[in-house]
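In structure tokens, the next block holds one chain alone, the form predicted on its own.
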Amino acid sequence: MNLENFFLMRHELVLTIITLMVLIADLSIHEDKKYKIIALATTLFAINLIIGFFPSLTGNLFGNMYKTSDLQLTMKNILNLGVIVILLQSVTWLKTDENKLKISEFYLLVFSTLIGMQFMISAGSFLMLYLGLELATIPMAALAAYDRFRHNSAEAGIKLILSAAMSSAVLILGISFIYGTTGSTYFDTVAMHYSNTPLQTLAFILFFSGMAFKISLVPFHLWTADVYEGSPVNVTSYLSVISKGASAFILVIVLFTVFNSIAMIWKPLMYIISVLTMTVGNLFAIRQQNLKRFLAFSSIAQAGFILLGIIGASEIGMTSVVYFIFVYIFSNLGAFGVVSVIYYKTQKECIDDYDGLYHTNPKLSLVMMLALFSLAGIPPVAGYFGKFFLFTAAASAGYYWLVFIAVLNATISLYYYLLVVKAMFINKNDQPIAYFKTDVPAKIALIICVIGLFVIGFYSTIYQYIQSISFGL
């Protein structure tokens, strides 16, 4: 192995260097000028995002423990796009007096979790997958508890770390059974020796249960709403979009490459969990008044839709999942971006607080409406195309009843998304949220989300490109 081979880890290496630069800057800059770290970290990460789109080598390292392909590079670039939007949305929050002395901690934790997710996506063995998963999870609990003087935030961090510890224990138990029955943790070797023996079936169920926690699939979703509500808004959006997206990516990779031989076992399991996740997420979202809890149950329902593409177990299934997560990032970050801007200006985060918002802040209302329409799957925004391809993947595999149930759930979701739109555009309010100017970084982030909602849907080359690399694992 020569030095050139290490450039296969380009995403992880560049991000590690950026993390170290932020740490050095924090040690060098005086306390009164800590705000300069915001511009430094955001600029460096923007450079990292651009570098990610340069042509790169594909291959493997460390005896196939780490591997990369065009599809995995694309997954990493999608996550990087989401993170740059979150960093822009976080500028105003980080400049507040309570955060000005711990700005660097936010970036160090975010970049650390992202490095873990990228190693997880490029894993060629269950050991590398687990190491990446833990690197992504432990700093995430610190992010959830970032507002340590707010008891809700501290509670969110404790709940997340305890739940994550339990799920990790279940997952590593499944991996140990996989190793015990196949004699290897490498994906390629395990795939050749995997069958539907009782112990191997149990191993798969344990592994899947651990991953289902990360994606908030029912019945592994009980932590989600409380952690989302207690965490800072920008951390909630990171949990909802980046963490969930990375976990969904690796689940798709493992199911299609390692456990494809036992698809007859996990397809019925996916069927049941998909129905439960969509239905429970939608029904509980209807009851919510707090927008963070509202979007938490919305994200649970969206995870149920993702399983429609996975259950297809085909090229169109893989493509539809990656495409949908790409769309979902811009949809959810658009909604969370508006919630973030309003909360840090007014401390309001309930649906009733948004009554009459259009009359005082029409642009924010329009962005929120477009984001919710995309989440609901209403044309012409990109969410419609994302759900359409997921339904197509499930239908092409003969799961017509599942598609019918998904359509019913999409109709239910339309109802509660429109409740927020109704509050902003129709409901009367004698004292609506007063007009205010959105800070420039947050405004840029929202503009990126709006552009993404239209470009991804109408620019068919994006879907075609993902389709062309879907089986390059």
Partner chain sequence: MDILSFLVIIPVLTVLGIIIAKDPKHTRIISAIGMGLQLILAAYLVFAYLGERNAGNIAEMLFRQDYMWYANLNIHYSVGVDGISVAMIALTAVVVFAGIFASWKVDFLPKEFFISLILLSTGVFGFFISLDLFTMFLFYEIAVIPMYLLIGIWGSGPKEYAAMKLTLMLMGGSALLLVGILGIYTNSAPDGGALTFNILEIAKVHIPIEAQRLFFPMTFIGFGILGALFPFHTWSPDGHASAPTAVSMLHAGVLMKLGGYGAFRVAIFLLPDAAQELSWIFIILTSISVVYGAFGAIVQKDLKYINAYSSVSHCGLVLFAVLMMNKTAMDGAILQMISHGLMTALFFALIGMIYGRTHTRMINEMGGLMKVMPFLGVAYVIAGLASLGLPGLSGFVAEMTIFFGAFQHTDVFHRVVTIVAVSSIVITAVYILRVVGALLFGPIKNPHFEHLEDAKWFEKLSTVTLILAIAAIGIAPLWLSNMIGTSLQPIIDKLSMIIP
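Quick caveat: nothing in here was measured; it's all calculated off a predicted structure. Positions refer to the first chain, counted from 1.
The protein also exists as the form predicted together with its partner chain; that form is not presented, and the subsequent description refers to it.
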Checklist entry - Can you say which of 403 to 411, 444 to 452, 35 to 43, 49 to 57 gets within 4.5 Å of its partner chain in the model of the complex, counting heavy atoms only? => result 403 to 411
Checklist entry - Out of 396, 257, 77, 92, which one falls within 4.5 Å of its partner chain in the model of the complex, going by heavy atoms? => result 396
Checklist entry - Which pick from 351, 191, 378, 84 sits with a heavy atom within 4.5 Å of its partner chain in the model of the complex? => result 378
Checklist entry - Counting only non-hydrogen atoms and a 4.5 angstroms cut-off, does residue 275 reach its partner chain in the model of the complex? => result no
Next on the checklist: My question is simply whether residue 306 lines the interface with its partner chain in the model of the complex - judged by any non-hydrogen atom within 4.5 Å.
Outcome noted: no
Next on the checklist: Even though the partner isn't displayed, in the model of the complex is residue 384 close enough to its partner chain, meaning a heavy atom within 4.5 Å?
Outcome noted: yes
Checklist entry - Just to confirm, residue 435 within 4.5 Å of its partner chain in the model of the complex by heavy atoms? => result no
Checklist entry - Relative to its partner chain in the model of the complex, which residues of 337 to 366 have a heavy atom no more than 4.5 Å away? => result 358, 359
